[in-house]
Every structure is written in C-alpha cells, then in structure tokens.
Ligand SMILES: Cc1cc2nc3c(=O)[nH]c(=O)nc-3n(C[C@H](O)[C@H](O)[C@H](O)COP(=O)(O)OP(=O)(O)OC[C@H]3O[C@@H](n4cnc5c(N)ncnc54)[C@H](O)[C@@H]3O)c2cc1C
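Given next, in structure tokens, is a single chain: the form predicted alone.
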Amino acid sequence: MTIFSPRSLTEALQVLNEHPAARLLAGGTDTMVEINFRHFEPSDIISLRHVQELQVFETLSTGYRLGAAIPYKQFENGSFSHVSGALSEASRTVGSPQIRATGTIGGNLGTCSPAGDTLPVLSALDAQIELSSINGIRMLSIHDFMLGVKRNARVSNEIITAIHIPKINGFQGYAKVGVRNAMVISIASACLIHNMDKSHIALALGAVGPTIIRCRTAEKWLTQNADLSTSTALTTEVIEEFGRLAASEALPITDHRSTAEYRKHAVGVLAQRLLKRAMK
C-alpha cells in the first residue's frame, strides 16, 4: 500500500488522476474503523491533511463556502460556529472531542451514510457540493449528490473541495435519537430550517431511509396551513399533523440499533419538537 501526502490541491488532483482507485483520507474517522475491522483494505491512500485549500472558509454575498476538510470542532464552537445553528448542533453530536477535532463534513459526504449527522442539515439547507478534478470544478445539489446507502455521485478523479450553504434569516435546529447521549450513531435524526424571507420550512430526516429524506409533503402542507413569514406560535393540531406527515415520509428498517416502528415514531416526535422551537 502506498500513502501519498500532497501539499496542494493541484498536486492532490494530479495524484488522484493517476491513482483513481486510491482512498481519499481527510480525518479518517470512518476509513480507519473499516480498516481496523478488516472491512476494507485500500491499495493506495491519498492523505488530504496538508492540503490547505480544503480548509478555507469564505463568506459570499448569498452564503458561505465551507472547505470540505474544516474539522467539526470549528463548527461546533470554533471560528465558524456562527454560519449555521443547525450545523453547530449537529457537529456537537459527532463522536468524541477527538473525533470532532479531526473528522470533517467532506468525509461525512464521502462516506454518505444515511446516519451521517451533518447530512440532514445540508439537505435542509439545499447545499451545493463543489467537486474538483484536473478537468475543472462542477457544482452538484446535495439532493443529486446523495444516491443511496454509502453511495454518492463523486467520480473517481474528483475531490469534494467545498460545501456551499445559504445565509438564513430564521431558526435552524437539529436533533437526534440514540441509545445514549454521546458517542452514538443516530437511530433517527432531523433538521428543520425556517427561512422567514421565503416563508418556508424545510425538514430533512436521517437514519430512516437509504439516504437522507426531505419531507416535501409535510413542507408543502405546512406552507398551505400556516403563516411562515414570522415565528408565530402554531396550534397543537397543526404541529401534530406536521409530525404525522413527516413520519409517513420515513422509510426506516429494523436493525440491531432499533425497529422500523420506533424510528418512524421518533422522527415524528423530533419534527414536532423542532417545529415548536422554530415557531415560538
């Protein structure tokens, strides 16, 4: 096995183009688990730790450009905790402090597990994923990027270089259910974004389908039955129906962590709680 350690994005892209089967390694918090349990044995590894271009943060006119290798700790309570309340909340739930110091959103996207903590946030924010290769840059909607269980639309000679998210005027919240309060993979998760400028609420669910689920039916129903231009409190009936519709859009399975029935119930409860927080 050969380990490459490029010092620039240009060098990393050239190495990847020459070794398209190589595993890209940012924080390595997912890959090292697979290697240690012998689920995966890479022929080559390209370490992105020293590629500084992947750790650049930019404020744009309409939003933010987040370098794909910025560690979770910077969004949890560090320099960039202001960019998204939901992203900060999700980052706080990822693993241990050591994992949050090295793990990255780009890695979460690369693994593309339906239980990935930051992925419901990116879905609810309608994030754009920036992919780079020696041929140039292409932008892809998060909804087109995530294809299924640990499957995404990145091609073999591309590196996830950044994530673009909008500035939001309104509430952003994330919540998850696990078998304990820390160091746990999600049994179910949800992110709710209230964009008051567009009079719209977005809801995305994690760990209850083959990939992240956007609750388009629940969103449309709420838009038709509530004034979302402000954060006016909603009736109990509206909140409960929103939760019921969200649960109906989930496609959970039963596995060693939970039953499908519990997961469906849990996301309905999470949706209601987040909506109450948003519409005080």
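Bear in mind that the values here come from a model prediction, so they are computed numbers and not experimental data. Residue indices: 1-based, along the sequence shown.
The discussion below concerns the form predicted together with the ligand, not included here.
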| property | result |
| --- | --- |
| Output flag, 73, 83 and 267 jointly within 4.5 Å of the ligand in the predicted bound form, heavy atom basis | no |
| Heavy atom of residue 101 within 4.5 Å of the ligand in the predicted bound form | no |
| is_contact(residue 212, the ligand) in the predicted bound form, heavy atom dist at most 4.5 Å | no |
| Heavy atom of residue 154 within 4.5 Å of the ligand in the predicted bound form | yes |
| Distance check, residue 185 to the ligand in the predicted bound form, heavy atom within 4.5 Å | yes |
| Listed residue that, although the ligand is not shown, lies within 4.5 Å of it in the predicted bound form (heavy atoms), from 127, 192, 87, 159 | 159 |
| Residue (of 133, 77, 199, 111) lying close to the ligand in the predicted bound form, criterion heavy atoms within 4.5 Å | 111 |
| Candidate stretches 164 to 172, 201 to 209, 116 to 124, 133 to 141 - the one whose heavy atoms come within 4.5 Å of the ligand in the predicted bound form | 116 to 124 |
| Residues within stretch 5 to 26 having a non-hydrogen atom within 4.5 Å of the ligand in the predicted bound form | 23, 24, 25, 26 |
